[in-house]
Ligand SMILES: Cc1cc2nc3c(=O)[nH]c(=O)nc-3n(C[C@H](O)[C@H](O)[C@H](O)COP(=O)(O)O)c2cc1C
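Starting off, we have a lone chain in the form predicted on its own, written out as structure tokens.
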């Protein structure tokens, strides 16, 4: 008699088993599996300015804590004897199927974490077919990251600046390099008050960091000769000399002189945000692209209803990882009301995702997928591409195990019945 065919172990069991088997020989994971230990390891590795920018939030960072507290307050309620030996983690969004309901959030200035920056993240995401949302504030141009990702999925996050030709150019470039969606960030029309960065007097863009999309854009570069710069300091300090060295290094990388780099930093800081952006502007964005448009930063249900009325394609519930307003509502707390107001629009969740159960809670409350942010940047800082890969695999593996332990057969099945 033939033996019954056992179901495939799934990514959760496979990852878990690999770690334990490797441990028999004394090997440990490249990056800590525990989210708290992961952040502590990064704090020890990075210098103060880099860690402050990647890990910090607005004001007293109450919003960052609210994001984590919101997940702690939601309790999962498992069902038993459901026969969920194998699980389907896949999710369909805008005509594309992805292997898990996890995307990599757009994070700027990844060169602070690792020299390979967005290239390492792109390779890691492509190896797992996880969509990578390219940032407007990337350290490597979108075309180069897209080229190393091959056919793997990517989206593009857009900041709508006051230089509209540059904004339009970004949208065109994103479409040309294979982006499957445009994610317009709404919550950063002004830069939030971030004490960690302010205490260090550090804004990386002034040093030429995180400007790759701009420095490779023909419209942006055409503005540089007309930028008025302040008079040079007669006796520059060591700090100014270090800034000049950073600008010069980025200039060499992108074929610009030191003077042009100074002009680029000045023009960027003067034009990258647009505080007067309004709902009526969205019609112009719709005219620039046929790609799905998602609005990122929605927390109020009335904004979700307006997004649907304006013909947007999706919503990302987000408070920018707690980096914009101190004392904002946690993203997960806002999620159910936004989902209800959004109607048929797909709703994704960003801000506060640290683990597989967090993914399950977000989906049970109505999100179609989540965006993973700081954890993958921490993996990048500790072990480059391999560190990013491990962080993604760990979150997806724990999500898979959580589904099985909840008695769910698929990610699509999650709903309020799995919540206490």
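Residue numbers count along the first chain shown, from 1. Being a predicted model, the structure only gives us computed values, none of them experimental.
Missing here is the form predicted together with the named molecule; even so, the following discussion is about that form.
> Since the chain is shown here on its own, which stretch among 391 to 399, 47 to 55, 360 to 368, 24 to 32 would lie within 4.5 Å of the named molecule in the predicted bound form, judged by heavy atoms?
Heavy-atom contact with the partner occurs in 47 to 55.
> Candidate spot 139, 216 and 262, all three in 4.5 Å heavy atom range of the named molecule in the predicted bound form?
Spot residues vs the named molecule: no contact at all.
> Is residue 106 close enough to touch the named molecule in the predicted bound form, meaning at least one heavy atom pair within 4.5 Å?
Result yes; residue 106 sits at the interface with the named molecule in the predicted bound form.
> Taking the named molecule as it sits in the predicted bound form, is residue 321 near enough to touch it, meaning that at least one heavy atom pair lies within 4.5 angstroms?
Heavy-atom contact with the named molecule at 4.5 Å: present for residue 321.
> Is residue 380 near the named molecule? Define near as a heavy atom within 4.5 Å, in the predicted bound form.
Residue 380: no, not in contact with the named molecule in the predicted bound form.
> May I ask you to check whether residue 159 falls inside a 4.5 Å heavy atom distance of the named molecule in the predicted bound form?
Residue 159 belongs to the contact set for the named molecule.
> Can you work out which of 154, 123, 114, 296 has a heavy atom no more than 4.5 Å from the named molecule in the predicted bound form?
Spelling it out, the residue with a heavy atom inside the cut-off is 296.
> Quick check on this chain: which one of 333, 185, 167, 209 has a heavy atom within 4.5 Å of the named molecule in the predicted bound form?
The residue from 333, 185, 167, 209 that makes the contact is 185.
> Can you list, in sequence order, the residues from 345 to 366 that come within 4.5 Å of the named molecule in the predicted bound form, counting heavy atoms only?
If the 4.5 Å heavy-atom criterion is applied to the named molecule in the predicted bound form, 345 to 366 yields 350, 351, 352, 353, 354.
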